[in-house]
Ligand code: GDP
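Single chain ahead, by itself, as structure tokens, in the form predicted alone.
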Amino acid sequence: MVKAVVGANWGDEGKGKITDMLSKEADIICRFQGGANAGHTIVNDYGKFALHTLPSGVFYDHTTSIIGNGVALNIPVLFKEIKSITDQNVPMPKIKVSDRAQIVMSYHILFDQYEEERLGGKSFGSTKSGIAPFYSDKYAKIGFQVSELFDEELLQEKVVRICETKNVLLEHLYHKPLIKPEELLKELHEYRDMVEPYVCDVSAFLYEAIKEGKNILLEGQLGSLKDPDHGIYPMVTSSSTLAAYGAIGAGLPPYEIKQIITVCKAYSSAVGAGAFVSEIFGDEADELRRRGGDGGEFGATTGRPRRMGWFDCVASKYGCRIQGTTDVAFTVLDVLGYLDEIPVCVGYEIDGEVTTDFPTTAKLEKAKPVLKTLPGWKSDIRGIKEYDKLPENCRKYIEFIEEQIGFPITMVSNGPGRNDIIYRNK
């Protein structure tokens, strides 16, 4: 059976924890899009980890971890990450890298930095991990695919062609040092030597796994609102963040994805620029940020303080719908235990009219939140394992949000650990 774990909002919803938890029952965990530009924070028996490329199921020795063809593969980052977990006594994971995955090159990272620098105040808030230039090259058909590393004749010809194209921009647009074909070839040879033992025809491997009845988890990065088609364009990422793309980014038939677990935070947070209707500021935001997540709300990749806000029913309803949600995993609920009252954004006021439908970006920029205040539960809910044992106001909060978004909340996370979860039968 194939399940997907994806985000409903701006990313940072707690997908890593849910994937790590569900991996116990999985045979294969596959990353299907994105690169090392966002991270998943995981707390388990080995310690606390921030993963950027490895799937969040690498901590179980019965699983195989796959880097799918849809991933922006930064090879040095992948191997640095493997070393970082094995250095903390995690057994060496079984890893397979798609022969059709494309490679993030060192010049992609430079171009990302140069472009943000050039745009100045009009920048897109990039993590400068090379993701936009990488995907741009992929679709311009001038990227390097893993399989090409093993064709020396092709590489020697292609590095010359790439340098000609890139050096025009480096010289005339960015006024930066040029790249040399021989240096590029050396970089590609190093990548080939590192990745060779792990290269695999992933779609064929997964096809066989499905025939054998294996359990496969697809792990998404970021969330619905960062999707380039359906998100808050242009403040989006460069690959599709939707479960539907899991079929493409892993090489599976779409009808094999039977369960789509969409992760939703009990409040809102976002890293980077873009419209964020329920955002809060000042002391109120600082307090939520300090208490939030495990050790505070700061980006797992960037360390940037996340922007904070109340739960947004409009954005979450849309985010769940566009994912094709079968189950909602509701995370970091325990964080809200300090509040007497909890505001929830139930609508957007745009040009004097209230809507509960998520609009396109130009309208979103004008939206003001319509808030409804619910009573808090003023207690620590960590350690509770049964839904009925939660305080009444806590259950009412969950049930109110479930009714607003229209999708079943079947999992409630009440702490950072692997076992801090309440399963709710719907």
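Nothing here was measured: the structure is a model prediction, and the numbers come from that model. Residue numbers here begin at 1 and follow the sequence given.
Unshown form predicted in complex with the named molecule; subsequent notes refer to it.
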**OP:** Indicate whether Leu390 is a 4.5 Å heavy atom neighbour of the named molecule in the predicted bound form.
**Re:** no
Original post:
Is Thr410 close enough to the named molecule in the predicted bound form to count, meaning some heavy atom within 4.5 Å?
Top reply: no
Original post:
Any chance Ile280 has a heavy atom within 4.5 Å of the named molecule in the predicted bound form?
Top reply: no
Original post:
Heavy atoms within 4.5 Å of the named molecule in the predicted bound form: does Pro369 have any?
Top reply: no
Original post:
With the partner removed from view, which of 332 to 340, 199 to 207, 160 to 168, 72 to 80 is the stretch that lies within 4.5 Å of the named molecule in the predicted bound form, judged by heavy atom distances?
Top reply: 332 to 340
**OP:** May I ask you to choose, among Lys128, Lys138, Arg306, Lys96, the residue with a heavy atom within 4.5 Å of the named molecule in the predicted bound form?
**Re:** Arg306
Subject >> Contact assignment for the named molecule in the predicted bound form, among Ala26, Ile398, Leu364, Val43, heavy atom within 4.5 Å >> reply: Val43
Subject >> Stretch 365 to 403 - residues with a heavy atom within 4.5 Å of the named molecule in the predicted bound form >> reply: Arg382
